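Only one chain comes next, encoded as structure tokens, the form predicted alone.
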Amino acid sequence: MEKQHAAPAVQQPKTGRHLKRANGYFYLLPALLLIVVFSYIPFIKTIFLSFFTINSSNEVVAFAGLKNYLRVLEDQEFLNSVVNTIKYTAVTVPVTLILAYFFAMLCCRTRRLSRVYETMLALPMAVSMSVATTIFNLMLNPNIGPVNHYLHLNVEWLTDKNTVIYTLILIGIWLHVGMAFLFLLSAVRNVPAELLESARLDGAPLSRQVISIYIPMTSPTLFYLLCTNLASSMMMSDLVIALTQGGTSNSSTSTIIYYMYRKAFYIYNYGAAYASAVLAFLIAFALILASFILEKRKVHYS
């Protein structure tokens, strides 16, 4: 019998292989173009203009060097805004994640009414900011609001400088807990059942299962939510614009981004606005960078 020789493999031309590799990048190109045009170019322009004196018509007048930054850092209103922003972030982010995790654990097992209470817990994420601020503005009205009426209180929730920042924190938690709940509910439901069964057979209580199994297995989702909530909280300005306009005295609820907004669109001090925007980015970047130290130690991907 004659030996049958295998047909030699046809080599794909180098040009075809390169095109196949580059095929994925072509799909990413539209998104990359949008990011460059609407994120990176404005960001670079903001840094560049922060070193110049700019008139009320947003025209460059002269080179200012670091003067804009020094004036902003010496402004007590900006320092108050930094304190308010950090206070808002330091309370809103951990409380949001803790509440969302607690609700996710409660809803971990699918029951007959699961869809009902899962929808109720996730509902805040479907409410637009304008609608939410209108609702809370009416509810917290000191004269006609139902909160003071039914709780027999006489609190000026949105005007008293001692309580207004905590009111914004409560509203911020309510607005963000729904999205975090959905992410964490999906994460806890995907924890391997065999690990939980082994823990139960070993007599581990639920608290030990949460600490040793649930949290390590869902740590990537927790880390993602930590970073996104840090970024959104540090950039918060919509609640201040809609509800308090910075507060009644001593900038009691002004945040860094609201300070930038006020300098640009009320006072037309564009140099200070650009400088405060860069400083806001640096502070937020430092916090998120610090969270990546936690990621190396506490986040488990396997």
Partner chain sequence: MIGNKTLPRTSNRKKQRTQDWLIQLIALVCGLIIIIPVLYCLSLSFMRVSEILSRPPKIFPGGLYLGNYETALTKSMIPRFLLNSMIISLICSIVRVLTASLAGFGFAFLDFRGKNLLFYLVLGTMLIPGDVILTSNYFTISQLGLVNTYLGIMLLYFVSANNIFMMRQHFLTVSKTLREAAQIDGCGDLRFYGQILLPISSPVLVTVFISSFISTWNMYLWPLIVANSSNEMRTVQVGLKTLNFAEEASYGGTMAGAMIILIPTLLVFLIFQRRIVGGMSTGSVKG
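So that the term is clear: the rigid core is the largest set of C-alpha atoms that superpose within 1.5 Å between two forms. Positions refer to the first chain, counted from 1. Being a predicted model, the structure only gives us computed values, none of them experimental.
Separately, the form predicted in complex with its partner chain exists; it is not shown, and the next lines address it.
Highlighted residues F48, V210 and I283: none comes within 4.5 Å of its partner chain in the predicted bound form, counting any heavy atom. Not displayed here, its partner chain is kept clear of G65 by more than 4.5 Å at the level of heavy atoms in the predicted bound form. The closest heavy atom approach of Y166 to its partner chain in the predicted bound form falls outside 4.5 Å. In the predicted bound form, its partner chain lies within 4.5 Å of some heavy atom of E118. By the criterion of a heavy atom within 4.5 Å, N162 is excluded from the residues contacting its partner chain in the predicted bound form. Heavy atoms within 4.5 Å of its partner chain in the predicted bound form map, among the stretches 130-138, 67-75, 154-162, 80-88, onto 130-138 alone.
For the partner-free chain shown, W174, V177, M179, L182 of 161-182 come within 4.5 angstroms of its partner chain in the predicted bound form, judged by any non-hydrogen atom. Once you line up the core between the shown form and the other one, the Cα of R109 stays within less than 2 Å of where it was. Once both forms are fitted on their core, the CA shift for I211 between the shown form and the other one remains under 2 Å. For L151, a C-alpha deviation of 2 angstroms or more is recorded between the shown form and the other one after rigid-core alignment.
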